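The chain below stands alone, shown as structure tokens; this is the form predicted on its own.
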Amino acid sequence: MSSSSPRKIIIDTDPGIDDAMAIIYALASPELDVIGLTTVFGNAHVETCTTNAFYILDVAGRSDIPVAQGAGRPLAMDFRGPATFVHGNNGLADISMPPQSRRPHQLDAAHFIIEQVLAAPGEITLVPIGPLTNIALAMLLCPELPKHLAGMVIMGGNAFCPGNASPAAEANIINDPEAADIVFGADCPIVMCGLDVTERTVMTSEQIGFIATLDNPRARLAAQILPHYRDFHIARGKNDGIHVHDSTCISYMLAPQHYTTVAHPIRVDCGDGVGRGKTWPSLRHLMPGGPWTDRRPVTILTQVDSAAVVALELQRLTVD
């Protein structure tokens, strides 16, 4: 594969307004080849997330891309429930969507990931932007899977800042901490795009208004759903705009120069206390036999040129 070839990615997703933005962004980026979407519970129930994934692809004119439906609940606990207060009852700001006649891929998400990765060893990057259940299931079913991946670029976690779903934890991780701990232990290159940078990446109301002036189907979808997301942020006393969470994975893959990183192995708190779901980097010398032993360092995004990456996403939205 030549260095100029698009990077093959599978986006594992729970659409979700910010998931929809990330998918649109990836599809508008010729540097990336989206070979499939896999769906997981999270922002909505998994069946709703699958319907939303089909709709996003239809709007983008990419109904050729397969959608494999995945896990409907975490590995070891009950689903905490959809984030309707953030994303609306249907996950996409309660916009009207036509009935969906397409069916998911015959394989479930975990088996689809395994099939695709083993068919193109070393070529596929997984881009999980929801709870990590499907990825963990794929690794449990196929322990050698990580060595066949190009890597993973994950939206989730918080290394050096508070959580957003609890004081300790970020939303995707707290939805399945056991799965996240498995995934962050994978023996392949991993990038963690967590709250350390996503909450510093702000798309303003003025920029959301600019999207509404664009006349292409992807931008029209974004303009329909983003005001709902902005209103949630404003109601929570945050910026007059939105935090750019899931799209950070795409921005990093396209323009890593706009980020500062550190590298530390990660463990996820899987206990039942107030720290459940916290992603803990090991910041000291690793003692033999300790919790981080034999875990390779994860690339953790810590700083971002917010203006640059938001401008890049907006630029991609202008492309017909």
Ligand code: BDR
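Note that the structure is a prediction, hence the values are computed from the model and not measured. So that there is no doubt, residue numbering starts at 1 and follows the sequence shown.
Not pictured, yet referred to below: the form predicted in complex with beta-D-ribofuranose (BDR).
Though the partner is left out of this view, I190 does not reach within 4.5 Å of beta-D-ribofuranose (BDR) in the predicted complex, counting heavy atoms only.
Among residues of the shown chain, D176 is not one whose heavy atoms approach beta-D-ribofuranose (BDR) to within 4.5 Å in the predicted complex. Proximity of N172 to beta-D-ribofuranose (BDR) in the predicted complex falls within the 4.5 Å heavy atom cutoff.
Contact annotation for T38: none of its heavy atoms lies within 4.5 Å of beta-D-ribofuranose (BDR) in the predicted complex.
With the partner omitted here, the residue from L195, M152, V117, A71 that has a non-hydrogen atom within 4.5 angstroms of beta-D-ribofuranose (BDR) in the predicted complex is L195. Of the candidate stretches 205-213, 242-250, 94-102, 139-147, only 242-250 has residues with heavy atoms within 4.5 Å of beta-D-ribofuranose (BDR) in the predicted complex. Although the partner is absent from the chain shown here, none of T50, H111 and L132 has a heavy atom within 4.5 Å of beta-D-ribofuranose (BDR) in the predicted complex. Residues from 70-102 that approach beta-D-ribofuranose (BDR) in the predicted complex with a non-hydrogen atom within 4.5 Å are limited to H87.
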